[in-house]
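Before any questions on binding or motion, here is one chain by itself as structure tokens, the form predicted alone.
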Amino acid sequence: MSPIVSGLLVGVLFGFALQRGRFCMNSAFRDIILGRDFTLFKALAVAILVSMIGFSVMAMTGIITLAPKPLMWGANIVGGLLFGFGMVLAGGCASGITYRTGEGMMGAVMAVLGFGLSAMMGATGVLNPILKSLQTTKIMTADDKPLTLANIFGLDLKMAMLVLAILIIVVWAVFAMRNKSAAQSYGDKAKSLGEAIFKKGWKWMPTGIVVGLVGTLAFPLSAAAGRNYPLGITGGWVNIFQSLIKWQALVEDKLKITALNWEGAEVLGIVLGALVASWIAGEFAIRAPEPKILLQTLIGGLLMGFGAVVSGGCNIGHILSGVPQLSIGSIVGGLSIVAGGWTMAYFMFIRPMNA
């Protein structure tokens, strides 16, 4: 299977699941402090656990080679905070604004525009010197491996991932049985399986399971394309924007076009998958907020894109793909994203409500 085809396949599946489950980490983290609502956070936790088990089993059987991100504490913290600030301004995380673009939301389109431009300028453009200065400190193990929760305790990473995931599931199940409010109960029951998949909004459990399975599938397919990592968003938008710029140069100056890579195809697939899902469900519509909101989402996207490349990953690269590999860098980056999001949510929502 060609890298473009496999990337598109994973992206379409991911985009479909994101749209039907309304899976957005900005909402997941924001809802906790605004309404004490843990619904989307539980979906995220399930996705991480499914990915953790899938990654460990595939690593044990030699299907994949684990690739946790390194710890660059300064860059992880600064980039994560910037990403978190921008995530709230943009009204969605990297995956949120991507799938909502497929739904026809112009606010998300503006956020994606800012995200892709600033990520590209940070990765290869005028902002790259700032990125390099923030990423100078990289902490590795004595044998030059990325720090993980496993190797700092002298444990095998593959086994530690599997055991930790199983322990968390057991503890969660015990608490869920004691707390009946953890049961899912919203909306009318679907009349058929087709209606449940294509028409009704997915509940948190199936959303988390499907997202985790898509992430698991992404790892070997991405590795086969020469990119040894599971799901990602930031690098895909960078690749798409670079390809568009090179395409314009090709038209004007006969220069060689930059090829679309696996991650770029995956991101296009997310937009396509969300478009298909929203169209079938009757939820697709071109919607544009007032101009000041469009400007706000653009600024949010700019902060997110630069923050993601500085930190070495967005919410998908760190939280959904790096945390299951027990990467200390991804854990620090992910916690910084949450802290930045909560800080901006306080100033935008909580403080005005209190006043």
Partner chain sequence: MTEATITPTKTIDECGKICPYPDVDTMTTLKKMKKGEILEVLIDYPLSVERIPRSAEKNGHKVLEVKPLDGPKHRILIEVLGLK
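Residue numbers count along the first chain shown, from 1. These numbers were taken from a predicted model, which means no experiment stands behind them.
Just so it is clear, the following notes concern the form predicted together with its partner chain, a form of the same protein that is not shown.
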What I'd like checked is whether E103, R287 and N354 together line its partner chain in the predicted bound form, meaning each has a non-hydrogen atom within 4.5 Å of it.
yes
Counting only non-hydrogen atoms, choose the one of 190-198, 70-78, 225-233, 103-111 that falls within 4.5 Å of its partner chain in the predicted bound form.
103-111
Using heavy atoms and a 4.5 Å limit, would one call L40 a contact residue for its partner chain in the predicted bound form?
yes
Answer yes if any heavy atom of G91 is within 4.5 Å of a heavy atom of its partner chain in the predicted bound form; otherwise answer no.
yes
Hey, in the predicted bound form, is I293 touching its partner chain, heavy atoms inside 4.5 Å?
yes
Taking any heavy atom pair closer than or equal to 4.5 Å as contact, tell me whether G282 reaches its partner chain in the predicted bound form.
yes
For 29-68: residues with a non-hydrogen atom within 4.5 angstroms of its partner chain in the predicted bound form?
R30, D31, L34, G35, R36, D37, T39, L40
